[in-house]
Ligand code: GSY
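Take a look at this one chain, the form predicted alone, written out in structure tokens.
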Amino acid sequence: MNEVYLSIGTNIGEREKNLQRAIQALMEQSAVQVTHVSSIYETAAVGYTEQADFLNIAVAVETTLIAQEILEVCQSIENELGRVREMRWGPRIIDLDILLYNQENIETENLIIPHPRMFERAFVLVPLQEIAPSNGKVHEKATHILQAFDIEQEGVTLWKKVDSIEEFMRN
């Protein structure tokens, strides 16, 4: 079984519903089991800043899929939920990024793992740290890097505390 961490974000429409729809779509995949969902964090846009704030979460899944297949699942979910790629770092209804796949380093034409910018982004590390095992390397590295960030200055704020997948999926 492969352990995968994803980052999911949205800043168009009913943002919380978009996150729930993405999790539901993951849960409907027979080869994917969602094991943890972080609380929801609201964050200022990065890159192109003239857009609405994002809601972001981190998700842990277990899967029998190889990395390229989980990428295809993520892209399929984005398409299913109406993602349109008009501009880099622009507004989006949903964005699913693979952060980590086991402890592997993968570099192909369309996939780099660990995600190449994850350790530069507090909006990725804060929710990831919340769901990563506290005795694991991911949690330790995220904690170490976050100590250098001014989280408030980075624009990351807790939007909604979540303690379970079931609670996350409730309206």
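One-based numbering along the sequence shown. Just so it is clear, the model here is predicted, and its values are computed rather than measured.
Unshown form predicted together with ligand GSY; subsequent notes refer to it.
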Could you check which residue among L111, A31, V46, M27 gets a heavy atom within 4.5 Å of ligand GSY in the predicted complex?
V46
Look up in the predicted complex whether N56 has a non-hydrogen atom within 4.5 angstroms of ligand GSY, and give yes or no.
yes
Partner contact for H36 in the predicted complex: ligand GSY, 4.5 angstroms, heavy atom:
no
Go through 37-45, 58-66, 101-109, 125-133 and give me the stretch that gets within 4.5 Å of ligand GSY in the predicted complex, heavy atoms only.
37-45
Quick one: name the residues from 1-34 with any non-hydrogen atom within 4.5 angstroms of ligand GSY in the predicted complex.
G9
